[in-house]
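Single chain ahead, written as structure tokens, the form predicted alone.
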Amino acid sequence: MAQTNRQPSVALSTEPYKGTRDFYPKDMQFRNWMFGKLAKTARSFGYLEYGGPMLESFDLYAAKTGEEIVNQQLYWLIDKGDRKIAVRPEMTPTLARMVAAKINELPRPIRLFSIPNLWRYERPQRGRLREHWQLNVDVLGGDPLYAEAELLTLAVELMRSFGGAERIQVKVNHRKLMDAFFTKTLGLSSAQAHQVVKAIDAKDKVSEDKFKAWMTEAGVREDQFEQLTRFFSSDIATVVKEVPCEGADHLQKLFAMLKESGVGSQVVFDPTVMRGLDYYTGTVFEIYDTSPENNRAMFGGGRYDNLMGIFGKEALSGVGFGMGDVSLQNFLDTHGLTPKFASEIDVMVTLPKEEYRATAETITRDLRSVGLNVITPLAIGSFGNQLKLATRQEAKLAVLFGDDEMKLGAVLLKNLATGEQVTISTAEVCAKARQWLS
């Protein structure tokens, strides 16, 4: 029996799914502008764009993504082939799979970027939704110090492209430094250190009493907590002396290189930066908005080792970061860095009578051939009505004509922003329109 479309008993909601957004033309104009600037800056450093599937094997994330994401935030399903698959919550595991598949074909160091659509089932809040787009930038191979210096310089330059480089602070730490501090200085066990890392990573989201309670639950004594508190306020020079280790030496060299790259003033040492994802093994960093109105981590990343190991491939260390579109838009709005966008419609060519359609179409084709965006009314209408339609469509110019103009082989070209208008021959329309729009 053929199925029929039945109206629902209750009217469907026009609201999008919780934690997602609709993008109307003005929203898409902003998004395309933002993504365009991100991609342009990444390409200026020699990074190449890649893409991957929205769906991946559930096992890929179970192996290389943090427990919180896998157990609480992952959208997953069983497909018709009885395979357990997941909607990607992040891009790095896909990157690792793709690089592992062609590890001997890609020239090293491998510099790649993407702006994928990502999904996580979490509570929507400022700067965080269930669906978002995220710039991912990664470099695999090369000397770790040089690669990290380049990536952090790129992060600052991304913000500079929006006019916000002086309004951010890059906070940097090293997991090996923290491991040395926890085990050698504080004398914590590996299990205790793991608990402390997770607590510190969430420190900004809870009260001081709650944070201290977590420390107590991890078995941190009062004297150890005092040592930890003092360490949080230490500078890198002090840390190198008091906690001599590979991580401290690495950071000291990295800061010197960043100064050479011209971004040293934006970068500081911050031992509270942990980055909770399990695969970070070395340098970790977060980029903060310094405005009191939006004082939060906007994006971050770090070094990961042997991400290709689960595919049975050679170890290849990498460093990368992810910048979400929601937090970037909040930053731009906070600092008044969002531009006002002009209409994308350059010209509307009107149609007063059916017998003039051939002429209107010829003018339209000519205007489009010189790179202008041109719309037509898709209906016959009077001079006044079509002028109103052109205004509502936010066209910059309107080509108007009637019987009198057709007798002269001419049209009226009107600038809808200034009100200026001129009667010219049809052959002159393209040149005059480009002149006004320039």
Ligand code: HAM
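When you see a residue number, it is the position in the sequence shown, counting from 1. If you're wondering where the values come from, they're calculated on a predicted model, not measured in any experiment.
Keep in mind the form predicted in complex with this ligand is missing from the figure; the text below concerns it.
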Heavy atoms within 4.5 Å of this ligand in the model of the complex: does Arg128 have any? yes
Just to confirm, Gly320 within 4.5 Å of this ligand in the model of the complex by heavy atoms? yes
Flag Asp138 as yes or no: does it have a non-hydrogen atom within 4.5 angstroms of any non-hydrogen atom of this ligand in the model of the complex? yes
For Glu122, is any heavy atom within 4.5 Å of this ligand in the model of the complex, or not? yes
Which residue, Gly142, Gly309, Gly264, Gly324, is the contact with this ligand in the model of the complex, using a 4.5 Å heavy atom cutoff? Gly324
Which listed residue (Arg368, Arg357, His132, Arg175) meets the criterion of a heavy atom within 4.5 Å of this ligand in the model of the complex? His132
Looking at heavy atoms inside 4.5 Å, which stretch does this ligand contact in the model of the complex, given the options 345-353, 212-220, 295-303, 158-166? 295-303
At a 4.5 angstroms cut-off on non-hydrogen atoms, which residues of 229-251 are near this ligand in the model of the complex? List them in order. none
